[in-house]
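What follows is one chain in structure tokens, specifically the form predicted alone.
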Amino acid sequence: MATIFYTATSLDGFIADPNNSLDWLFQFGELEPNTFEAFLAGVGAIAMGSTTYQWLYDHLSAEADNPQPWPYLVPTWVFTSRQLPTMANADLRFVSGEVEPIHRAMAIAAGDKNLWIVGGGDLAGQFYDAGLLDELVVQIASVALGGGAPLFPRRVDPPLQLLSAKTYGHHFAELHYRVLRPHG
């Protein structure tokens, strides 16, 4: 089991635009081939921040222009300090506080499968700060947003170990990193 921050980012390092929207990403359409479906098949639990959840809710719920069911079949922990609406037929667990005890509960629920940190970057950073983040898989899109939610607002030292770099289509490069732990 590994805890993995798998996400897409703009070339200038933002995962959402200044309006906290992911709409910029959908201009590229479905990326074929890609690693997402295989990655998702290995996920047993999900963590996301409240802004990520709210964006999904706004775009999927019965209140959206084109309602869709919750896309994930595994339990999802939503880190929040505010009340959020719930999605029908979704295994959602709204939590707040330190990531360590929640990570333990996620690991139990996931069994031998991976934990996916969906976003945002600050939440992934909290898992990193706690020594709980094992890998980063970043799809870099060929677009610059000029601002927004940063990919990973943390200093990373020692540096990450690059495991692979691949191109997908004409607009994406995927970088896969292992998180190295400081010695001592």
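The structure displayed is predicted, hence computed values, not measured ones. Just count from 1 along the sequence shown to find any residue number.
Another form, the form predicted in complex with a small molecule, is not on view; read the next lines as being about it.
Figure note: of the listed segments 154-162, 46-54, 61-69, 33-41, the one touching the small molecule in the model of the complex, with heavy atoms no more than 4.5 Å away, is 46-54. At the 4.5 Å threshold, heavy atoms of T167 stay clear of the small molecule in the model of the complex, well away from it.
The shortest heavy atom separation between M87 and the small molecule in the model of the complex exceeds 4.5 Å. For the chain shown alone, V179 is not a contact residue for the small molecule in the model of the complex, no non-hydrogen atom being within 4.5 angstroms. A residue is said to contact a partner when one of its heavy atoms sits within 4.5 Å of a partner heavy atom; I140 fails this definition for the small molecule in the model of the complex, lying far away.
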